[in-house]
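Below, in structure tokens: the form predicted on its own, a single chain.
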Amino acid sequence: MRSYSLIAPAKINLYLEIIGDRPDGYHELSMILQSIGLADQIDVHSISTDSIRVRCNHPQVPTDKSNLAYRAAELMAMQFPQAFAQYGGVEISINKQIPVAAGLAGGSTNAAAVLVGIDLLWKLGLTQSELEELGGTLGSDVPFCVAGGTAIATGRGDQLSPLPSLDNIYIVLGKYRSLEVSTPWAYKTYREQFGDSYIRDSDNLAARANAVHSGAIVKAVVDKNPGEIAQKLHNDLERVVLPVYPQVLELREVFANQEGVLGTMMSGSGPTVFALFESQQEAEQVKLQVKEAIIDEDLELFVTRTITHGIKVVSSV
């Protein structure tokens, strides 16, 4: 039996702007995505039967066909039936460190790792762009999770333009274990409340989506300036999530009031909130301060940092 172990990093949004509706029913988005050090480990093993099995150490993670990692393996079996017949099925083991239902692309990065792992396991020789294209059929975040680093994402979030990678920013993440925010609900509610501000004309839609490439936050990223990046953080979905989820709002406000915090924001559709720092020492100190300010065992806090890569192979047998 052959196997590969892969690191699957989480991601945060440094910028999320909802521009308008797309013909396919999704939203036209402009985002800046960033890989972070908090990561799951995915082990992909060859097995002698023609089946797909998923195991996970986290009780909330499903191991059936509803798991995106399972669907990634199923996609590879459908796309490459000869390789599936030759090499057999796979067993996928997920060591979950990324919080579940956190808006950190935990499911998407697991799926990306399975695509990369099976490509190696079955000796398919796929390019990164081919893996990203496959990933795009599973979910909008999967293509970014394959490559990782720092990127502008447009379209429904799957059209990627790499930026110079950031590795000099420390992060504290906060997430209530029992709190979940539905991503479809967040986008639907935003459309209901702010749809009258959407750009309707397709040419203007494309022009606005492209405008993020010359935006102030992109310049700050290119300059690798943590302070400037923090000042330009933006997430349209905060407008609908924060009023409905007071715990998320409180967490954001507590972060904002701590000394040493460069900037703070909710990531994606939440409920995770993050704060940016210039040093690990400052991040660790604020983690303790937030823990003292919000005494709630349900609140998880993590210190991590920006990283320059997506899925990474750590070992093979």
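These numbers were taken from a predicted model, which means no experiment stands behind them. When you see a residue number, it is the position in the sequence shown, counting from 1.
The form predicted in complex with a small molecule exists for this protein as well; it is not shown, and the discussion that follows is about that form.
Undergrad: Would all three of 193, 243 and 245 be in contact with the small molecule in the model of the complex, where contact means some heavy atom lies within 4.5 Å?
TA: None of them does, since no heavy atom lies within 4.5 Å of the partner.
Undergrad: Would residue 139 count as a contact of the small molecule in the model of the complex, using a 4.5 angstroms cut-off between non-hydrogen atoms?
TA: Contact check for residue 139: yes, within 4.5 Å of the small molecule in the model of the complex.
Undergrad: Is residue 204 close enough to touch the small molecule in the model of the complex, meaning at least one heavy atom pair within 4.5 Å?
TA: The answer is no: residue 204 has no heavy atom within 4.5 Å of the small molecule.
Undergrad: Whether residue 183 contacts the small molecule in the model of the complex should be assessed with a 4.5 Å heavy atom distance threshold; does it?
TA: Output for residue 183 is yes: heavy atoms within 4.5 Å of the small molecule.
Undergrad: Residue-level question: is residue 187 within 4.5 Å of the small molecule in the model of the complex, judged on heavy atoms?
TA: Close contact exists here: in the model of the complex, residue 187 approaches the small molecule to within 4.5 Å, heavy atoms only.
Undergrad: Any idea which of 88 to 96, 74 to 82, 139 to 147, 228 to 236 reaches within 4.5 Å of the small molecule in the model of the complex, heavy atoms considered?
TA: Stretch 139 to 147 is the one.
Undergrad: Quick one: of 286, 29, 265, 52, which gets a non-hydrogen atom within 4.5 angstroms of the small molecule in the model of the complex?
TA: Looking at 286, 29, 265, 52 one by one, just 29 meets the 4.5 Å heavy-atom criterion.
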